[in-house]
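There is one chain below, alone, in C-alpha cells, taken in the form predicted alone.
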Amino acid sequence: MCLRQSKGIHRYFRKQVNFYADQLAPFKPLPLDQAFPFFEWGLNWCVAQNCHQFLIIHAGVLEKNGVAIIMPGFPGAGKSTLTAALMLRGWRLLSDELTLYDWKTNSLVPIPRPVSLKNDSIDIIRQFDSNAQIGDVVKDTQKGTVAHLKVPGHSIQKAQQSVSPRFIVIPRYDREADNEVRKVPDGTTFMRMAELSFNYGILGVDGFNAMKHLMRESSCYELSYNGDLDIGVGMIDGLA
C-alpha cells in the first residue's frame, strides 16, 4: 500500500493524491491535503477486502486487565468518541474501526493505529483530555472534518497480543437519555452485529457460526449516555 501524488497538471494545480494497493488504484484521487485520511480509508478497505480468515465487524475494540469490550459502530452513536476516551483513560486499543474476530481461537486480533475523530468529536476529545495528541485537522472530506488521535505506546507494544472477547457494548448517545447500562438479548445483538459486519455474508456458514460463537462468549449490553464522557467511561469501567 502506498500514496502517490498525481501526475500531469494536478502535479502543479489543485494537487491530488492516489492510493495504491498491489499497484492498483481502487479509488479516485483526492486533494493532497486529505492524504492521511485517505490512507486510513484505504487501509480499512484492504482489511475488509482481504482478511476473510476473520469475521470483520465495524466496531471499536479495547482491553483492560484482560477484559475485552467490543463497541459496534452505529452512525451517530458516539462509538469513536467513546473509544478514544477509554483509550485515554488507560484501556488498550486494539482498533477504533475494525474488530477482527478469529472464531477458531476465540480471539480478537489487534490492529492499533491512530483513532479517527470526526467533526464535533475533535473538540470533545480535546476538552476531555488536554494532553491528547491530535494531528492536523482536515476539512471538507467525504466524512466532514477529520483528525487523528495518537495511540499510546502500550497499545502498539502489545499489537501482537490477542485477547478473548468478554463484552459487547452497544453505545447510544442521546442528550436526553438517562445514563444506564442494560442487558440486551443475544439474538438482538446478533442481528445488529451481522448488519455491521463487512464479510458476514461472504463467509456464509462460517460467518453464521463465527457470530454465534462470539455471542456465546460475550455478554451483551446497551449503553445509553447523554454525552458526558466521564460518565460513559465510568459505566464501562464498572461493567468490566
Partner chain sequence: MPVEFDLCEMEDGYLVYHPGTGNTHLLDNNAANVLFLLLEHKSLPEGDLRWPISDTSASESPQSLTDTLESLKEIFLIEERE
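Keep in mind it's a predicted model, so treat the numbers as computed, not measured. Positions refer to the first chain, counted from 1.
Below, we refer to the form predicted in complex with its partner chain, which is not included among the displayed structures.
Heavy atoms of every residue among Lys183, Asp186 and Arg216 are located within 4.5 Å of its partner chain in the model of the complex. Contact annotation for Trp41: none of its heavy atoms lies within 4.5 Å of its partner chain in the model of the complex. At the 4.5 Å threshold, heavy atoms of Phe190 reach its partner chain in the model of the complex. Although the partner is absent here, Phe208 is a contact residue: one of its heavy atoms lies within 4.5 angstroms of its partner chain in the model of the complex. Heavy atoms of Gly66 never reach within 4.5 Å of its partner chain in the model of the complex, leaving it off the interface. Residues placing heavy atoms within 4.5 Å of its partner chain in the model of the complex fall in a single listed stretch, namely 197-205, out of 172-180, 23-31, 42-50, 197-205.
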